[in-house]
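Below, in structure tokens: the form predicted on its own, a single chain.
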Amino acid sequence: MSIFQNIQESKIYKNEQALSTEFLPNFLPHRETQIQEIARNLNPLTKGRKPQNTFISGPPGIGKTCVTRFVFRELDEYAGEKVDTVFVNTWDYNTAPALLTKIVIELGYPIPRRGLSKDEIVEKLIEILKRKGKSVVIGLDEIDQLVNKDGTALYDLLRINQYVKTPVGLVMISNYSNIFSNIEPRIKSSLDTQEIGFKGYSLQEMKDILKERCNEAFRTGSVQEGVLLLCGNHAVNRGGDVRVGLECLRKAAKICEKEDNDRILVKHVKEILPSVKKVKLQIMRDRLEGVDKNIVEILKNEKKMVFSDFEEKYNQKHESLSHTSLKKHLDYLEGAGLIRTSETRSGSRGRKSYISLVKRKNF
């Protein structure tokens, strides 16, 4: 007999995917105002006119990505014959060639991921937009990663409207409101964005959001009163990140199923609370590769390092990098909120630069 024959259907779940961070609900409580603002900015696309570029900012885990994807889905359903929507997380595509190639692929055209120059990819994108004859809105999540790594990609996208008749608009998302402060003047002058700020949720708002997810995820009567309060309070105290609340529910549900119980109880939540921590920094660290990952590994066991000592240690442990190249990687990691740099002056000794890893708090 197969081991899978002994596994019974869940007593509590009706749609486990509803607790996933990738799940897009049909209703987003307490974000109606922002949804309407973004929709108004994009509405000209449905008439073949240029939309208002939009910059969305606010702390992690408070609905920026979810709201944008929600509006894109609504736009697809309402005007899919006239408008194409493309959504890209620039953590994974943070150089101009990588991002532009991804956009071409998302528009439905195969293109080699390597081997073409950036200008060739731009030409291909313009050719495709002319051929399709549809308006396009491109969502760029965690845009700070792109700005810190390769700001030219943004310039390439902004100037495409010069070459096509159908308009192209941008919706850019970041945890940081000041990411455009140091970009090149030619890019800044072309942005023409309206900023929409997202504020953190109150405890009651967090409970409402988690309740909606519970209604989607669990069978009626499967969640004890008090569970949402505990999960919501834990999320608010860990930076107001909805993902923390969802993680609480997922872990409590696992305990419940392990006990073969038909209700998630307050005691299940209390059991898992110490294990549910802030998630944003860990997600970012898990995505790091190459030099960036090596830098974080060195700083992980150090409280604070003088830059010259760090540089020496890095070049001893890994393939040697120039001072300029290493500094570029450090600037990128600082922009991502993963490391912190500081300077001190000590009399005749001059100035010293220090580097430290941003630690997770509120465990």
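Computed from a predicted structure; not experimentally measured. All residue numbers are counted from 1 along the displayed sequence.
Beyond what is shown, the protein has a form predicted in complex with a small molecule; the following relates to that form.
- From the list 37 to 45, 23 to 31, 321 to 329, 291 to 299, the contact stretch for the small molecule in the predicted bound form under a 4.5 Å heavy atom rule is 23 to 31.
- Although the small molecule is omitted here, in the predicted bound form none of L75, V137 and G169 has a heavy atom within 4.5 Å of it.
- When contacts are judged by a 4.5 Å heavy atom cut-off, T65 counts as touching the small molecule in the predicted bound form.
- Although the partner is absent here, L246 is a contact residue: one of its heavy atoms lies within 4.5 angstroms of the small molecule in the predicted bound form.
- The shortest heavy atom separation between N94 and the small molecule in the predicted bound form exceeds 4.5 Å.
- Under a 4.5 angstroms non-hydrogen atom cutoff, the small molecule in the predicted bound form has N175 among its neighbouring residues.
- In terms of contact with the small molecule in the predicted bound form, the residue from K207, R285, R238, R213 that brings a heavy atom within 4.5 Å is R213.
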